[in-house]
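Take a look at this one chain, the form predicted alone, written out in structure tokens.
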């Protein structure tokens, strides 16, 4: 009796795996960047990211001071590395951002001020799989990643000097789409 149950469960799992494999090989899983993701895909990506962040994101206070110099350094790094996808101070997405899948949040509008600095640090350091978010851990120093995290945490309430620098950041690639569709 037990042997039959085990064989039945094993056969079912093999058949499910085979059907999934054939579906992927047949192109039934969309690969286009402008396609709408399935509910399963959205659930799996969100659940996996939340679990990884809970397990790996730093929970200690940032190792750098919250001051104008670090905020301005974070703003300048953002302008050089992030604004092309996440938008500038005007909140308008660039042409690149419009074509990305997943659509990157436009941080001047959809900020991450409610995220702990450690979560933002982790996302910048490691990137996010299956999105356009690259890992900057090998190209930026830890201090620079923390400067970005501090800026993003406080971007909605910047002191006057950093606020002036932030307002000067404009998206060079922003503008209306050029395709006539």
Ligand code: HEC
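Residue numbers count along the first chain shown, from 1. Because the structure is a prediction, the values reported are computed rather than measured.
One more form of this protein, predicted together with this ligand, exists but is not displayed; see below.
Not one of 71, 73 and 126 places a heavy atom within 4.5 Å of this ligand in the model of the complex.
At a distance threshold of 4.5 angstroms between non-hydrogen atoms, residue 85 is in contact with this ligand in the model of the complex. Contact check for residue 108: no non-hydrogen atom falls within 4.5 Å of this ligand in the model of the complex.
Interface residue remark: residue 92 is not counted as part of the site for this ligand in the model of the complex, having no heavy atom within 4.5 Å. In the model of the complex, this ligand lies farther than 4.5 Å from every heavy atom of residue 57.
In the model of the complex, the residues of 111 to 135 lying within 4.5 Å of this ligand by at least one heavy atom are, in order, 112, 115, 120, 123, 124, 128, 131, 132, 133, 134.
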